[in-house]
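The chain below stands alone and is given in structure tokens; this is the form predicted alone.
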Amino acid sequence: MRSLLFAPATKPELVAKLADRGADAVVFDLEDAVPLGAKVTARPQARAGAETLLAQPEGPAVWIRVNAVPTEWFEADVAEAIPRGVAGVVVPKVESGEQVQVVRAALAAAHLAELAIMAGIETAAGVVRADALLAPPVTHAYFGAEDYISDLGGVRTAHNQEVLYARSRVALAARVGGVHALDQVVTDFGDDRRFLADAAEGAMLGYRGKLCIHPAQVTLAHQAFTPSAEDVARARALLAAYEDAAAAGQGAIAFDGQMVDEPLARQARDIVFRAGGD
């Protein structure tokens, strides 16, 4: 999942367009994109939108973002807004293992126990406990920079220095826990250069995809999180040379002016894998 495109559950007119946006996955949002007075009426809209998109022959994976576990809306969101066939549920502001278990129980009660769980790590408590939270049954996660800084009482900047520690910690915890991690949003959806720079930072930190709040960001996310043809060709050549050397009993080789051993070979294998190769 290189791109997860958010769509407000209260805007059914957008549903028909979502299948053509090219996103790897789409999430109908019941949380931040829905005003307090529309929380209840948004549930059937999310469900209907998801069912419409699921009926598309080759549409994107569909997720539903519910309201946070401690809120008054969470239980009914799970019970009423999630149709069979969606990929999973997105749970914002996850802060404890107990909340994860509540999610699990709510899904079981709604006969949706098979769904994947994506945890939003976007508060100070969530970041501090990321090691414990990003493990089964959680399968996916995202880092929410805007909510994190708001909770922390910090100042959000375009330079990202204020979120470097938290952003890195979430990526690290996700890697250790075997959880697919998605990087923070870029709120200025008209600035392609900023999005690409931000996504490049996320990729360097270990994220595998990006939250997108506008369809124009989808192509940029794919560009940032899909290895280029040149990168793949170099990785394949490196692996061929390294494997030939390994067969001859050598543990390290010189390739393209660089010393290559197993850690660099693993990086090359990952590039080929992310490009869709074996």
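In this text the structure is predicted, and so the values were computed from the model without any measurement. Residue numbers run from 1 along the displayed sequence. Under this definition, the rigid core comprises the largest set of C-alpha atoms superposing within 1.5 Å between the forms.
Although it is not shown, the form predicted together with a further copy of the same chain is what the next lines describe.
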Inset, instruction - May I ask you to check whether Glu75 falls inside a 4.5 Å heavy atom distance of a further copy of the same chain in the predicted complex? - result: no
Legend entry - Touches a further copy of the same chain in the predicted complex: Gly154 (any heavy atom, 4.5 Å): yes
Inset, instruction - Examine Ala125 and determine whether its closest non-hydrogen atom to a further copy of the same chain in the predicted complex is within 4.5 angstroms. - result: yes
Inset, instruction - Answer yes if any heavy atom of Tyr242 is within 4.5 Å of a heavy atom of a further copy of the same chain in the predicted complex; otherwise answer no. - result: yes
Legend entry - Sole residue of Ala79, Leu205, Leu112, Ala197 within 4.5 Å of a further copy of the same chain in the predicted complex, by heavy atom: Leu205
Legend entry - Heavy atom within 4.5 Å of a further copy of the same chain in the predicted complex - residue from Ala48, Val232, Ile213, Ala61: Ile213
Inset, instruction - Name the stretch, out of 80 to 88, 184 to 192, 98 to 106, 113 to 121, where some heavy atom lies within 4.5 Å of a further copy of the same chain in the predicted complex. - result: 184 to 192
Inset, instruction - Check each residue of 144 to 162 against a further copy of the same chain in the predicted complex and list those with a heavy atom within 4.5 Å, in sequence order. - result: Glu146, Asp147, Tyr148, Ile149, Ser150, Asp151, Leu152, Gly153, Gly154, Val155, Arg156, Thr157, His159, Gln161, Glu162
Inset, instruction - Superpose on the rigid core, then tell me if the C-alpha of Arg234 is displaced by 2 angstroms or more between the shown form and the other one. - result: yes
